[in-house]
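A single chain, nothing else alongside it, follows as structure tokens in the form predicted alone.
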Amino acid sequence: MIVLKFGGSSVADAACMRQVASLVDAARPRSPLVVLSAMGKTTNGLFDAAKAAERGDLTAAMDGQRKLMAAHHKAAEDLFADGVPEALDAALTDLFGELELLLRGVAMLRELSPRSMDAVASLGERLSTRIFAAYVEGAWVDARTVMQTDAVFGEAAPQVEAVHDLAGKHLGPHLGAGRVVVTQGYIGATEDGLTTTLGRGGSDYSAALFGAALRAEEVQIWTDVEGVLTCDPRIVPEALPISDLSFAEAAELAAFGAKVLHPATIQPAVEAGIPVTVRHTQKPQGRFTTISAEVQTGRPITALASRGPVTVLTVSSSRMLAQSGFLARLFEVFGRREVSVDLVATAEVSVSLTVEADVPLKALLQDLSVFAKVEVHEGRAIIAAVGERLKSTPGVGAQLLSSLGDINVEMISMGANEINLSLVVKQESTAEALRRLHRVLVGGAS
């Protein structure tokens, strides 16, 4: 069997759902499990309605509910020429009734807890899948019966062993050649049945987890680009789809700013040895990317990614000279403040590192200044050049730096896995730096 995951833009309206249905019909011989996100902008609409209710503005909350209801009923009416099936109409009525009760409860208490927000947010996927399952005459399965998670609402962690067991129990019996099974991404439930969400982008993660649990032949991620590209096409219009990508490369690109894949998507597939393909919903015959455990290519650099703004901290102290324990003391501060460090470069008496722009900078500086001098450079960006043969290709570092010309590189770090060479530049230089690097190093990648 295979897993097909479609994001919100792929099921934004009836026309989009028809296109998705044609792809699902073509996959019927392969026993497809279809994992859907909410219809485009629905999740944002649910968040807005819930926040209006929290403010006590029940009128605005109910107005948001009515707009969402109208959009979903219109999609259903457009899909079914002979009228919306009675069972589907009843299901939609029940779901919007549930939403109304939740919003009224939030408005009454003037409190929107993460638990309540998850209950509200889950309705987007439950609505889209009800409509789509009815349209393709597939089996609808509530993902909350399969995706068992902890109780960290808003960012729940799946209980993988339980998911494997529950997938066999609740999804397995419906699978078979010629059949379609439809379920939700993004949502789950605790062992006690409380609704949770995996966080934004969690639908890809859901698809990979379900695929691993069911030993799928392939997990297909259908989106609005032809696979993973060599760079962000909004910055580098000539960016090309990459035909084959290793799991390690994909994880690095995702971590450093590539938008196609949620980083957590990769791990379940890595462990199960399942290839993941990234495809364009509107161009099913177009190019796509296959992500597998290992890829043998002759390219030194596969793709470029960037992330910013970030802040560079340079911590200096003469105490570093021939003294053990300095780095432990340094990073203890970041651990205590729960600040993640991305890149690190060391010298004899200084350490440079990057952190996200929204860290508690004042508190960090206060702690660090007790034993070191700290220089702060804000408004920087990380550019990552990723490739399996990066380290083993002579001269690639010189090519990379020379291609930047007059763009100043403030920090260089080779990733611990040796497939990521990261550079720090001023954020305003990022776009031009990416264009120059792409033209010289990956312009011909495919």
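If you're wondering where the values come from, they're calculated on a predicted model, not measured in any experiment. The first residue of the sequence shown is number 1, and the count goes up from there.
Same protein, other form: the form predicted in complex with a small molecule, not shown, and the subject of what follows.
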Any non-hydrogen atom of Arg200 within 4.5 angstroms of the small molecule in the predicted complex: yes
- request: Give a yes or no for Ala385: in the predicted complex, does one of its heavy atoms lie within 4.5 Å of a heavy atom belonging to the small molecule?
  value: no
- prompt: Should Thr43 be classed as touching the small molecule in the predicted complex when contacts are defined as heavy atoms within 4.5 Å?
  reply: yes
message: Considering non-hydrogen atoms and a 4.5 Å limit, does the small molecule approach Phe132 in the predicted complex?
response: no
Which of 376-384, 395-403, 57-65, 30-38 sits within 4.5 Å of the small molecule in the predicted complex, heavy atom basis: 30-38
